[in-house]
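The form predicted on its own is given below as one chain in structure tokens.
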Amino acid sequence: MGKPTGFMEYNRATSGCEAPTDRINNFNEFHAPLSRKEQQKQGARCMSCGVPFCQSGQPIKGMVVGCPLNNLIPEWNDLVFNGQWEEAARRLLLTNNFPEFTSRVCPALCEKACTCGLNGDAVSVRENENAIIENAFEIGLIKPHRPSVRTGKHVAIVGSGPAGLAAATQLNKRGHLVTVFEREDRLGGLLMYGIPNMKIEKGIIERRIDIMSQEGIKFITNTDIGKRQKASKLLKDFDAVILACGASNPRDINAPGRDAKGIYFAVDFLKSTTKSLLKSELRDGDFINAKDKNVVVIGGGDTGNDCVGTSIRHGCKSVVQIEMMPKLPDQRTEKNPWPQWPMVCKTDYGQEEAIAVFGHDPRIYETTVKEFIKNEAGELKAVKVVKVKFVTDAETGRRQMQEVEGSEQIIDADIVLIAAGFLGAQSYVTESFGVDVNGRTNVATEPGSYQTSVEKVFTAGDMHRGQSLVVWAIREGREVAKAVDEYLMGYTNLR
């Protein structure tokens, strides 16, 4: 612990943020990092506490506390304070294959479990992580390392999201010959097309994949396994197969008028924008455009917020975000103590931008869609919504949703974006490989295992655990790599 009194001497400081009315004019990342000197002070705030919940990744009363990757946070915070940036990067990369991803898109479970946050402001762990990895790239520390010995074993990975990429990196490091198949035209999975450019610019992903390619990992795009190529060919040609295709079934809204023109799944909306942005800076017009339109977003999570921010950048006329659940409290309740994840209301970047542009928060709580209203041409023109309340059933003890009588409201809508989450793996993939699925349509395995019901077929990421965070996908990718390595070699020395 380099600065025992650091947490008392220095206040929390974070990167500068471009004003909402300025940043909506482009799709670029909008945070300006602190100077190295100022970032070192932030490293000094780490208490090196006796029980570092920040790195535990352990469940407490059903809720995981701290980092699922068990990042060595107090160690590299101390190294940052002492200006030992190279060693900090080495310690960081021991547990996290892609800090440049997590330091941009992870909600920082580590910070919510930080001991400093119990009575004050948490250590700025995520920004320290970002400073470490970006400095490492800047000084040339992150470079290709091809394995000196190859095992001769061939592994196929279906899906190039964070789970697939993490598994590929680990198995290649071990000396296996890895081929990653991606159905889209670009690599990265949800990092590429599911998360907007302003949260993670796509050059960040391409930079890492370029290094992985130089290390000997083979990438094949535009190949949809189960459709364009049979699963049987992979099972024949490879010694092991990892399914890491994500949770790709968007949850739909079953309401009258669902067939109206102008209703889209959020993932299709976001993907179309990113594809056009990368191809032509949106000049080709080949995307779902919200310009001058009344937008209704169904879903209050991160994806819904991304739809709000993207719609505003298009130049929408208005935007409303419908949330079925009640507004969370502004402060922790007694039932949600530290170091649990705080179940509190968060105003994210998209909502901040809506407030700046339209003068009010776009979210409407305890509301659900009752009907999509069409014009004579079958085009969406409005959404009928109704307020709901949750009551406890006296017999079962379960909370049930009920409509509030007389609370119906009509909201003008030219576009509806459904951001209600995902339900599990796509059936054409699971059926083509013949793997069992559970009741949530995720690929089934024994508890704590990554091996499916089919010989030499493994699974990881959202396809295995259900819709989750990038940090969990990386954790699962690392774990499935160990399972595959042990299957192929009889033992594993992967960490």
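Sequential numbering from 1, following the sequence displayed. Just so you know, these numbers come straight off a predicted model, no measurement behind them.
There is another form of this protein, the form predicted together with a small molecule, and it is not shown here; the text below is about that form.
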Practice task
Given the small molecule in the predicted complex, answer whether the residues T273, G350 and P362 all have a heavy atom inside 4.5 Å of it.
Solution key: no
Practice task
With heavy atoms only and a cut-off of 4.5 Å, decide whether V435 touches the small molecule in the predicted complex.
Solution key: no
Handout entry: 4.5 angstroms heavy atom contact with the small molecule in the predicted complex for T441
Key = no
Exercise for the section: Would you please decide whether T303 lies within 4.5 angstroms of the small molecule in the predicted complex, comparing each non-hydrogen atom pair? Expected result: yes
Exercise for the section: Consider R183 of the chain shown here, and say whether it contacts the small molecule in the predicted complex, taking contact as heavy atoms within 4.5 Å. Expected result: yes
Handout entry: in the predicted complex, the residue from W85, F265, F422, F287 that sits within 4.5 Å of the small molecule by heavy atoms
Key = F422
Fill in the blank from the handout: Checking N336, S318, T223, N249 against the small molecule in the predicted complex, the residue with a non-hydrogen atom inside 4.5 angstroms turns out to be T223
Practice task
Within 4.5 Å of the small molecule in the predicted complex, counting heavy atoms only, one of 394-402, 372-380, 257-265, 158-166 shows up; tell me which.
Solution key: 158-166
